[in-house]
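Read the single chain below, which is given as structure tokens and is the form predicted on its own.
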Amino acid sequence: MTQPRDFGFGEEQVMLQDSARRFMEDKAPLNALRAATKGTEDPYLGDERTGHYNPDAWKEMVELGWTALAVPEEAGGVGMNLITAVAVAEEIGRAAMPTPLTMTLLATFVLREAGTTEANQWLERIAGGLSMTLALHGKEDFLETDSTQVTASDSDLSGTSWYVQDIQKVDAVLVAAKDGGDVKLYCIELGADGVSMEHDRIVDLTRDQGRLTFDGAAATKVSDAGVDVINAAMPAMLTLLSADTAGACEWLLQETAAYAKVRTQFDRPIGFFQAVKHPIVNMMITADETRSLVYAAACTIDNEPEGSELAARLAKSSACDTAEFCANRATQLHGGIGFTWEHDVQIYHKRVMHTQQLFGDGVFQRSKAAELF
């Protein structure tokens, strides 16, 4: 199949992205984040942090139909393609907005791949505003799709799932659990009996992470082929996370370029000097490379699924490397202020470093991509 022009990024996607950008700017999420996390900035010595987000903004996202974007029409959604969801994910990253939407989109693509009646029922609830995250990992070998330490017996879950993202923001969770040696997928609301939560201390102020322990918790089975479903959904999940990083790195680039025009040294803006000018140009090159690979991956998944895994892993590999490069350069080129709590650079720096580790960093992605040849 021939790929569409401009990666399938048409007028509808441009309008949605512009609308999302205005929405994020209007909410000014980092102002509220700073107030909510004051005293908890240090993950080791600070107070315990609660998962901050704006519930009113979430309700507006639901009303705008963003939770229904990737939900198939037969499940009550809009049925849009991945490139449309990427447009929104990129703006979430650009604003570093604390929200359950990104993880809900990831869960949506897993449920889409499950394709069962039960999965569609949960997709209908997501389209209606239910937020959801993923509980797929065990403590060890967590990058493998069968690493879960949760077990299931007649859809009753027992055990602990680790590294669950935005655990304090969501209503429900999609759980991988082993039943007779096979990994199966289950959905359960976090308020259900037999579900308990512990919080991890992480450096990313915009997200939260934790562990879920199940003690005979009754869940709904949505797929018997857990590993196959997760692997099938992995390209979309990697692409959405890469889009988040692409948006964040664009903010780091623009903020650093603007700062270099107003910060003076030796009676000149620091952007005049090659030692500052050249790194900013390199930030632009790497950020553009990542965005192009993200759009290419989304377009491939939408139109040529046989090449989706390679395209997605290349996009995530690029995003991981760009995250580290742009975050480091932005922090360094902001000088003393860049290392302090007072500037937003450190918030973005921590966010992209956290995203870098989700489902594997650049080295991991390249090793997986090499296996495809």
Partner chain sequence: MAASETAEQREFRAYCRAWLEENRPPPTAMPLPQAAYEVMTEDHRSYLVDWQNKCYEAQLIATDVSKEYGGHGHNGFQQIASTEVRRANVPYFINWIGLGMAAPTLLIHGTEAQRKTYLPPIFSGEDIWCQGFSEPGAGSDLAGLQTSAVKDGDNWIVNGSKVWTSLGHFARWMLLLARTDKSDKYNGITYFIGPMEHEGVTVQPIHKMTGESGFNEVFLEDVVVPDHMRIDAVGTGWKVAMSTLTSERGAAQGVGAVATSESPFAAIESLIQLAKTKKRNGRLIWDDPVWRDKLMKLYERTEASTQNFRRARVDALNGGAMRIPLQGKLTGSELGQELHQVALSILGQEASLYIGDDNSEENGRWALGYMNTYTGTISGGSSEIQRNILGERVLGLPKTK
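Bear in mind the structure is a predicted one, so any value in this text is a computation, not a measurement. Numbering follows the first chain given and starts at 1.
From this point on, the text means the form predicted together with the partner chain, which you will not see here.
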Discussion item. Please identify the residue among G194, G115, P269, G128 with any heavy atom within 4.5 Å of the partner chain in the model of the complex.
Written reply: P269
Worksheet item: Of these, V227, L143, M284, A218, which has a heavy atom no more than 4.5 Å from the partner chain in the model of the complex?
Response: M284
Discussion item. In the model of the complex, does each of D6, A296 and S317 have a heavy atom within 4.5 Å of the partner chain?
Written reply: yes
Discussion item. Is it the case that K184, even though its partner is missing from this view, gets within 4.5 Å of the partner chain in the model of the complex, heavy atoms only?
Written reply: no
Worksheet item: Just to confirm, D208 within 4.5 Å of the partner chain in the model of the complex by heavy atoms?
Response: no
Discussion item. Taking any heavy atom pair closer than or equal to 4.5 Å as contact, tell me whether D288 reaches the partner chain in the model of the complex.
Written reply: yes
Worksheet item: Taking 4.5 angstroms as the cut-off for heavy atoms, does K139 touch the partner chain in the model of the complex?
Response: no
Discussion item. To test your reading of this chain, name the stretch in 120 to 128, 173 to 181, 276 to 284, 157 to 165 whose heavy atoms come within 4.5 Å of the partner chain in the model of the complex.
Written reply: 276 to 284
Worksheet item: Going by the partner chain in the model of the complex, which residues of 251 to 275 come within 4.5 Å of it through any heavy atom?
Response: L253, Q254, A257, A260, K261, P269, G271, F272, Q274
